[in-house]
Structures are given as C-alpha cells and as structure tokens.
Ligand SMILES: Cc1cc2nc3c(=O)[nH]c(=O)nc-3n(C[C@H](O)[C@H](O)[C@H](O)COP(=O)(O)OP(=O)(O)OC[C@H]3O[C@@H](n4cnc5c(N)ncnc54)[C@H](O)[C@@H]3O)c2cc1C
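Next up: just one chain, as structure tokens, the form predicted alone.
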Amino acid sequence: MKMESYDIIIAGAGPAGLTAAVELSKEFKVLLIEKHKPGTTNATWYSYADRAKEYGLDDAVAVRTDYIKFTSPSETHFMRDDCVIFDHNKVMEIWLNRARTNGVEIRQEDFLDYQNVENGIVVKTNKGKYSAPLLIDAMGINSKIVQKNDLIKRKDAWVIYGARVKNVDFEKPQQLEYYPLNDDANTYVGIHPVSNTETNFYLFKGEKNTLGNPEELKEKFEEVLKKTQPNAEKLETLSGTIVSGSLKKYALDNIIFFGSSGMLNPDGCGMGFNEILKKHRIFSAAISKAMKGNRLDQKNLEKVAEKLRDQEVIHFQKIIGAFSLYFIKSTSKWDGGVKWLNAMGDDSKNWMRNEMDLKWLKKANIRLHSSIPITETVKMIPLDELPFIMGQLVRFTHKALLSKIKEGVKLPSEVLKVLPGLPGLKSRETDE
C-alpha cells in the first residue's frame, strides 16, 4: 500500500495546531493528526475585544467586561481593558470548520514516532504512516518528539483544575477575577463567567521545574466549590497546565515546534492562548516562505522560531515569571505583585496582553523597584537563581535609568544608591 504524502503534517489539534492548519492550508496540502476528538478542549480562555474581532472569533464570545480584578490579602487592582471571555468549545468549533473548509485532512490518530528521510519526514501513528517535507509539532507540553530528544532546558508551570458550573443562586453575574485562597499550598482561584448562571471556576497554582499535574488540585477544588457555591452543578471538567520555559532547540531538521511544545507561553502571565492568537499568522507566513524556498533544515527553521520571540521582552518576562512564583510563596501571598500592578496604573494591561516594548519595560522595572524594595525581593529568590534574576534586574534598571538621565530627568539619591558603580549613574543626582 502506497504511503500517503502531504506538504505539511501537523501533530496536535489544539489552538496551535488548528490555527496553523487554517492558515497553511490556504497554500499547502495539510494533514492534521489528533489523538483525542478533534475540536475539543478542557481549557478556559479570555482575551480582548480587538483580538476577537481581528481573528474572527466574535461568534465565540460568551461575556464582555471592561476589567480584570486581581485581589491579594491587602491589595486590589482593576486592570481596565475591553476583555472578552470565550466559550472555548465554540472557539474550537470555529477553527475546526475553517480547517475543513480549506481542505485540511483531519484524522483522529495517535502520533507514535517519526523518521527523517531524504525528502523530509515519515510520521508513524497507530493507524498508518504518512510523509511530508515538514512536520509541525503542536502536541503540547507532553510532546513525544520533545521528550525523545530531551529538548526541555527549563520548565515552570501554572497548574489548573476546575469546572464549568451552573449556579442559579448568583445575585448578580460574576466578574473576570483572580484571588488567593491564602492556604499553605499557595492556591489561587480563577473566575471566567460565561453567562449569568454559568461560570468557568477553577483553581491554579505556580510550580517550578515541573510540567505539573492538574489532578493534584482536584480534591482542593471540590472543597472550595462546595464552600463557595454549595448548590452549583458541574457541567464539564476544566484542567491543564500552562507551561513556560525554554528548549535547547526550537526546531530539528524538517520539524518545528509551535504552541506549548515550543514553549510559546510567556513567563509570568498565563497567556498561551493569546500568544497563539497573536503569533499564528506570523508563524504561518514564515513557514510558507521556508516551504517555498525549501529551507527546512534545523538552522533555517530555528530562524522561523526566533521570529516569535522578542529577546528583550523574554528577559523581562523571566524576571516577572520568577517573581510571580516567589511572591505567591511569600508570607504576603502575592501582595507585592498586586502592588506592582497598582503602581503601573493603566499601563498594567500591557502585561496581561503581553504587549511590551522597551519603553514599557523600563517603566515597569522602575515601578517594580519603587513598589517592592530590592531587599525584599532578594529574600524571595533561591540562592541558585539569584545571580540570573539580579543580573537581569541590574541590566534593565541600568538601561532605564540611563534613559531617564538622557531625557534630562533628575534621579533621587536613594535610587542611585541602590545600584552603585554603574556607569553613567553618578551624575545629575538630586535630593528630590
């Protein structure tokens, strides 16, 4: 029996795989392989009105709101923005229908292995073999290719477990909100309302050096749900992990990683879904160019992966990601993080949107220091990570302060005393 051939094989039909399939199938013959029923997910997503419109997802919007509420033991921050909460099942349905309309061949099969051949890749599933010049790995954090090649360099996770619940006892619709339980395990609550009576209600917590296990939160979730919403009816389970980190390689010969398998989720804010929204067209355009130029070797595919990552932003995300995990494990239970959001004011929305240019990074770094003393943050950082985190802080602070000096801004003496000896910071001192 002759092996079936395609231009591109995509393994994984989550948001990353589906969006790439929709775009690339406009030019190429695409096979999409998914272990589970295609078009299904256990996730819950919110985004923004402008993105819903830009990517044609208005029909999947369940609720619109003008803020996200962040609560800590002594602080509250209202992040003002035009937010939307999606019906996750409708999002997947829209993308699945677009893929089918474009002629994508979708098969429910289990990816088993791959083999490099002269003209590309042969993919083996539980039902057959298929060949293509390019394989896009969108299988998520448990990618068999990533595991086989031992590609994970660093990993942290936000672990999530919850349910869509129906509760007729609500006096008013719930709001998009995050708040701590203030327990020893540093667990947090996420609320994504999808109607006046239905809410995606879940627990999450940050963990280091792990891919996470959502089932570990199941018992705690049942306790919290019974206590806070005793008459709630569970409609479907929500679970997953938002993993951030880095890979040793973001591509191999004739293979490239996209979505969670490619560690696309930024450090410090659980926005993997929104990163896929923002990046899938950029990714697909770069893949199209590589395909047409027959530049599918590891070196050239790495260049495609680099187009998705602004290194200055990534460095700052690492700082915020580290502080996110350290803050929630401190006695103040994320007070520092919410203080920083309040210090950022209206600019805080750029953090969750992950729309951060160098000017914003400089401002955020200075306000981070002004709201949370360096002496306090140092106490939260493990000794083995202190050199990296403090090195990045010094680098960003140096850039930010030099920028202020060039702008003619006089800096308070106490600011200059924090980082003595940095070139360019000894002049223009004032006691203001």
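Just so it is clear, the structure is predicted and the values come from calculations on it, not from any experiment. For every residue, the number given is its place in the sequence shown, counted from 1.
Beyond the structure shown, there is the form predicted in complex with the named molecule, which is absent from this document and is the topic of what follows.
Proximity to the named molecule in the model of the complex holds for all of 140, 160 and 240, with the criterion being a heavy atom within 4.5 Å. Contact annotation: the named molecule lies within 4.5 Å of heavy atoms from the stretch 39-47 in the model of the complex, the single such stretch among 22-30, 66-74, 53-61, 39-47.
192 is the sole member of 205, 192, 339, 279 with a non-hydrogen atom lying within 4.5 angstroms of the named molecule in the model of the complex. Proximity to the named molecule in the model of the complex, defined as a heavy atom within 4.5 Å, holds among 234, 144, 98, 362 only for 144. Although the partner is absent here, residue 199 lies well away from the named molecule in the model of the complex, with no heavy atom inside 4.5 Å.
In the model of the complex, the named molecule sits beyond 4.5 Å of every heavy atom of residue 367. The named molecule is not drawn, but in the model of the complex it has no heavy atom within 4.5 Å of residue 114.
Using a 4.5 angstroms limit between non-hydrogen atoms, residue 109 touches the named molecule in the model of the complex. The partner is not shown here, but in the model of the complex the stretch 7-36 reaches within 4.5 angstroms of the named molecule through a heavy atom at 12, 13, 14, 15, 16, 17, 33, 34, 35, 36.
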